[in-house]
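In structure tokens, the next block holds one chain alone, the form predicted alone.
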Amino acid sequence: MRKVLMVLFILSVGLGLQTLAAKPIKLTFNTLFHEADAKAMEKIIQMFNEEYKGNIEVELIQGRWAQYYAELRLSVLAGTPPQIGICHTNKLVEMADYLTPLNASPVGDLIEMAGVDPANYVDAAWAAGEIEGRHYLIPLDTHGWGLWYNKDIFAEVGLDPENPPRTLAEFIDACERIKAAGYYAFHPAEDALPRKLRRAWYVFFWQMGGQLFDEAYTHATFNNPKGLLALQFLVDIFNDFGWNEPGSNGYNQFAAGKLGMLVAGNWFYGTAVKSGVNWGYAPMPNFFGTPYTWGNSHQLVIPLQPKGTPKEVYLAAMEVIKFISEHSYIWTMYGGHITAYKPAAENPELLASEYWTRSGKWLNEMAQKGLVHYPINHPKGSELEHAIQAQIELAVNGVISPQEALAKAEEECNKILQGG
């Protein structure tokens, strides 16, 4: 009760409301979440609406992953943006012109006014939210890929179900044993959509120390022996090695008990549990040097608001963002993404949860060790990614050679960077 009274006091004085009996401030929170993470966010916002009833009311709109950023930009241009949104870390440079700089908003430094402490967030995630001194993002999580494996298949072929492969030699041995037993050995890219194949190639290339572009993003730097070795390995998995087949869906193979090892994101947890497969989870193996994995971070934002938006609306939005951070252990337990809010990561309920003990702690370990490698961060990042993945897919499907794929991807990326 004391907490509720304090909240009411803050809302009546700090947010500048005339009376506690006034109509609640209504906010729209638009996300790109779906399935498990959408349900997790629903839980958090339901808690918020119950606790702040009569003062702040949040309408949650979710889904439409593919159209999300285009729709967010259009809503800002139309003067009808949501008051709260989501932005992936690597999309900031594309989206900054459509977002409110939180430390330099039209009503002042919202981070300071809301009492948000940067020290409470994972350092790398917080730092990713700033461009030229302006801070746009409040970190929500880290999410990324790890290795899911079938313990029963491991036992059947003489592998230790509690010790999945960590090195390339161990990994090759495991794949050959699993293949010899009549199973699909390995799938490196979830359901093999073009963007997933691109991410798999990224992982192999990053582990060799490869960089996709020069620091200033003037040209591509992946058409070299490291890039070729990484792509040849990816192509061979589906072809020469016989560990899987082009166009295959690793999600379905694993859930059906027909796949030994799968690289997939933490969002696969719910499907893995429901599948009935006796599975294990492990950090990304060290294939080629440093065991990097692909990952990203969802971050909370206030889209650019129409001129004249009242101060109390901005502060109410920050109150919601702060609440989400403080309750993001729920986001991790039910959505699978690792909270970026340090106090939430120490929540006893989270640490005792089945999700954390079976898989979450390993993703958290990769994140804490700096092994979660973020994707392209450039104003034309989406164009660059599509140029790369189109060629990667053709190489995996045997339409062109790995050498041709990298050469064409390099040419297309350089045209994009040079405005061609």
Partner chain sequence: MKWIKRYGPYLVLYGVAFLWIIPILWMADTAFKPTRDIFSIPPKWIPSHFTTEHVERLFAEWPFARWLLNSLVVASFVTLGSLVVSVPAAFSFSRLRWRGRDAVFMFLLVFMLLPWQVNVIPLFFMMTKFRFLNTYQGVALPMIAMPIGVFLLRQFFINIPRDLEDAARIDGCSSLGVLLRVILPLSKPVLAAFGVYIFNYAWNEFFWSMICLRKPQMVTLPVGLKILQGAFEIDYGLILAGAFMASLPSLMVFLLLRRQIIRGFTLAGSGVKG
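Since we're looking at a predicted model, the values are computed, not measured. Positions refer to the first chain, counted from 1.
Although not depicted, the form predicted together with its partner chain is the subject of the following passage.
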Its partner chain contact at I61 in the predicted complex, heavy atom, 4.5 Å: yes
Any non-hydrogen atom of D191 within 4.5 angstroms of its partner chain in the predicted complex: yes
Close approach of K151 to its partner chain in the predicted complex, 4.5 Å, heavy atom: no
In the predicted complex, K361 touching its partner chain (heavy atom, 4.5 Å): no
Among 138-146, 274-282, 217-225, 111-119, the region lying within 4.5 Å of its partner chain in the predicted complex by heavy atom distance: 274-282
Answer option from T290, Q211, N252, N163, heavy atom within 4.5 Å of its partner chain in the predicted complex: N252
Among the candidates A78, A104, A180, A127, the residue which, in the predicted complex, approaches its partner chain to within 4.5 Å (heavy atoms): A78
Contact set, 249-270 vs its partner chain in the predicted complex - heavy atom within 4.5 angstroms: Y251, N252, A255, A256, K258, W267, F268
